[in-house]
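Next comes just one chain, in structure tokens: the form predicted on its own.
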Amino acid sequence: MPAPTLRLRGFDIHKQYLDPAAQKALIDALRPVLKAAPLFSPTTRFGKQMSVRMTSAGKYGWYSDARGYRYESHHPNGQPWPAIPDPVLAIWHDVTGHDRTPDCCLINYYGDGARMGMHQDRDEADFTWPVLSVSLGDDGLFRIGNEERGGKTESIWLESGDVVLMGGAARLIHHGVDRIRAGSSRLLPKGGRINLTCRVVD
């Protein structure tokens, strides 16, 4: 029986949405994507290297360098991004209830010590579309803030198989990942955490 959905500051958190077999199948579906579009280490617009490695699938990939944060149609190696795997699209359609498919599936890899600072997802054209994230591998401490930067925040551990939906009034809430709990999952052979973030860009 699936665990109940938690609601935290407008975020719908579907605990244990994916069972262990579905998690493994999703990792297998991501392997061709990672081979065609290898993980890379972006820099912030201030020139600092991010601790998270990333790549993307879909029409666009999210990118960051000295020119700023934006979506690009090609991987840094010059190749178009691979297609979003069907199992990812199935999660999107089931959880969001939308027929429209996402334009981008951002794939973030968190090794031991990696984190993601508090930020808003606001590089998209239309904020009425939700953002969906899927956690795989080690637990990540997810922090949720406010639409304005600063103020009181709340945190929750996201475990492998958890799915988070951010939409409606919560679409522009600041959020981030403070740390991962290394070794808390055996899903990834070399450890770490993978987070998939699906967005409608156009």
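Remember, predicted model here, so these are calculated numbers, not experimental data. Numbering starts at 1 and follows the sequence shown.
Omitted from view is the form predicted together with the DNA, to which the following refers.
Only one of 132-140, 62-70, 29-37, 159-167 lies within 4.5 Å of the DNA in the predicted bound form by heavy atoms, and it is 62-70. A residue is said to contact a partner when one of its heavy atoms sits within 4.5 Å of a partner heavy atom; residue 146 fails this definition for the DNA in the predicted bound form, lying far away. Among residues of the shown chain, residue 117 is one whose heavy atoms approach the DNA to within 4.5 Å in the predicted bound form. By the criterion of a heavy atom within 4.5 Å, residue 41 is excluded from the residues contacting the DNA in the predicted bound form. In the predicted bound form, at least one heavy atom of residue 123 sits within 4.5 Å of the DNA. Residue 199 is the sole member of 177-202 found to place a heavy atom within 4.5 Å of the DNA in the predicted bound form.
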